[in-house]
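One chain is shown next in structure tokens, namely the form predicted alone.
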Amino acid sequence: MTETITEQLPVNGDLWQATLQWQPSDQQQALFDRLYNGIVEGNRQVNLTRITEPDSFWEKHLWDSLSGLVPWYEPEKPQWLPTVKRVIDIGTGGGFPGLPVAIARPNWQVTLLDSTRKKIAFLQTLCQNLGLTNTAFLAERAETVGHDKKHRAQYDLALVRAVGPASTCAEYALPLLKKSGFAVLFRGQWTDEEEELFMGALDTLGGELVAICPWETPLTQGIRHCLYVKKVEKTDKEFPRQVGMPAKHPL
């Protein structure tokens, strides 16, 4: 894959700071630009994203990916916040939220998981081109990885964005977390009815909903929510269920 810098993303330093209490360094901004151009170039061979216009890419991929990290940037960090070393991005697709997180938090080891081998192969090459050494790659189903001893109960943080119902996301994530680890589930709208159903699934999986953070996207004022789920009990060995079951029959 040949990397060509053709366009730059908006910097939006004040927006980063006002909304997420963080903004990229010059080096991180340069990496975001290279990531953007690499994704746009890669889209010609692999279907990675429909969002390629610079402002939309900044808001819907970069900003949205890092919105889940707000608690880690707060001056007075919440007491429930875990120490993070190992992160897994479940269903990464075109590399989101995992790649922006790897750039923003270079001391975290971020594993990108997706069942589409062509996407993982592309992301591996892209990360090599970007010089991102804190990334790892898994071309596999989450249901399978959740029963692999090398990955089950090995992660401090799981990120799940645009993958399916919240209970499905939790069934993918919680088996992979250490006890006291956290899953961040990225949602759009979130209702009381959804929350009531979700609580039952968490009881089954050994999770506890610790916080719900509502956001408004800074450019288009879209509604977003991040759910912060703590693993408080060991997840029963029957979870995740066999391939396809969590999505077809959510808890």
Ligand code: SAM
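Please read these numbers as outputs of a predicted model, since none were measured by experiment. Numbers for residues come from their place in the sequence shown, where the first is 1.
What comes next is about the form predicted together with the ligand, which does not appear here.
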From the candidate stretches 156-164, 123-131, 174-182, 103-111, select the single one in contact with the ligand in the predicted bound form, where contact means a heavy atom within 4.5 Å. 156-164
Residues 187, 191 and 225 are flagged as a possible site; in the predicted bound form, is every one of them within 4.5 Å of the ligand by some non-hydrogen atom? no
Using a 4.5 Å heavy atom cut-off, state whether residue 135 contacts the ligand in the predicted bound form. no
Residue 151: heavy atom within 4.5 Å of the ligand in the predicted bound form? no
Quick one: does residue 71 come within 4.5 Å of the ligand in the predicted bound form, counting heavy atoms only? no
Can you tell me if residue 91 lies within 4.5 angstroms of the ligand in the predicted bound form, counting non-hydrogen atoms only? yes
Residues within stretch 125-143 having a non-hydrogen atom within 4.5 Å of the ligand in the predicted bound form: 140, 141, 142, 143
